[in-house]
Ligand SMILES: NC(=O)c1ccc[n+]([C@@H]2O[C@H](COP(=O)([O-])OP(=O)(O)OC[C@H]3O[C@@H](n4cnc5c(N)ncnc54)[C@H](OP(=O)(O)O)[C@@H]3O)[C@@H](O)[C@H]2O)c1
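Given as structure tokens, the chain that follows is alone and in the form predicted on its own.
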């Protein structure tokens, strides 16, 4: 699989990585054996980038990755984690002391002395403009606790604020065929600054797989059930913030343009990888089959123009008015 440099980290990573939220919580039950199998299948398929967070299963996702890495010491994988969601979302909590506490816990969970990449996990908007926050992150780098730092954001404005900071190595942002706003300013700004872009939620929480109908039901402990109104966290994280029924209809329409030989999910992931400025895209997987299929999207050829045109047309018709200015 093609490798791209992840911004200011200088690290080569596969253009399709693996998001591991689902290996911790909020996507239904995944056993540890199944989680380890997903990690192994991803690596076998060419994946060299895992994304996790300290709150995914309250550390379960990090711990599973740590066990996998300990059992496979020769595997060359960059692991990005995130911090900041284990405390009340008050800017006053984003201090050097807290950062040390959080990163020390992640280092223990992952079984490493130094974390490859730590991202602020969608913190309150004022955090992105705080000199003290970036000074604290720089201190962690100088201390050797982390190699690089980045941010995970909800809005394009937050992304642009972080990109302007010289120490920001990467920005993680929701970007998919149903969320096109990052194309306007974020990707161009990141390219100019040499900041990596990690694209998350590439399948709009599964909508772009084309497998759902308006009657599809999800497990009670799946965020696609309990966060449709944004009561647990930013609603933009669930189905990219689009209305479920509208998303199902639009996904069906887009499926008609999927090139022969690809699944709708593979085409949607490939579309993200083929946007200029994207370093890696991090679909989740709960099974070996999903992990292998997702990784295959990193080895496809260029998508046909009719698919590219359909993405734009479907977005403009179904989603632009409702969500483009929101995030």
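Positions refer to the first chain, counted from 1. Predicted model, so just to flag it, every value in this text is computed and none were measured.
A second form of this protein, the form predicted together with the named molecule, is not displayed here; the remarks below concern that form.
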Check: Would you say all of 201, 209 and 283 touch the named molecule in the model of the complex, counting a heavy atom within 4.5 Å as a touch?
Finding: yes
Next item on the list: Scan 226, 244, 257, 218 and let me know which has any heavy atom within 4.5 Å of the named molecule in the model of the complex.
Entry: 218
Next item on the list: Consider the chain as shown here, without its partner, and state which of 122, 187, 79, 248 has a heavy atom within 4.5 Å of the named molecule in the model of the complex.
Entry: 122
Check: Out of the stretches listed (270-278, 31-39, 291-299, 63-71), which one is close to the named molecule in the model of the complex, meaning heavy atoms within 4.5 Å?
Finding: 291-299
Checklist line | in the model of the complex, residue 22 touching the named molecule (heavy atom, 4.5 Å) | finding: yes
Next item on the list: Classify residue 45 as contacting or not contacting the named molecule in the model of the complex by the rule of any non-hydrogen atom within 4.5 angstroms, answering yes or no.
Entry: no
Item checked: Interface membership of residue 237, the named molecule in the model of the complex, 4.5 Å heavy atom rule -> yes
Notebook entry, point to check: Quick one: does residue 168 come within 4.5 Å of the named molecule in the model of the complex, counting heavy atoms only?
Noted result: no
Check: Can you name the residues of 50-79 that have a non-hydrogen atom within 4.5 angstroms of the named molecule in the model of the complex?
Finding: 51, 56
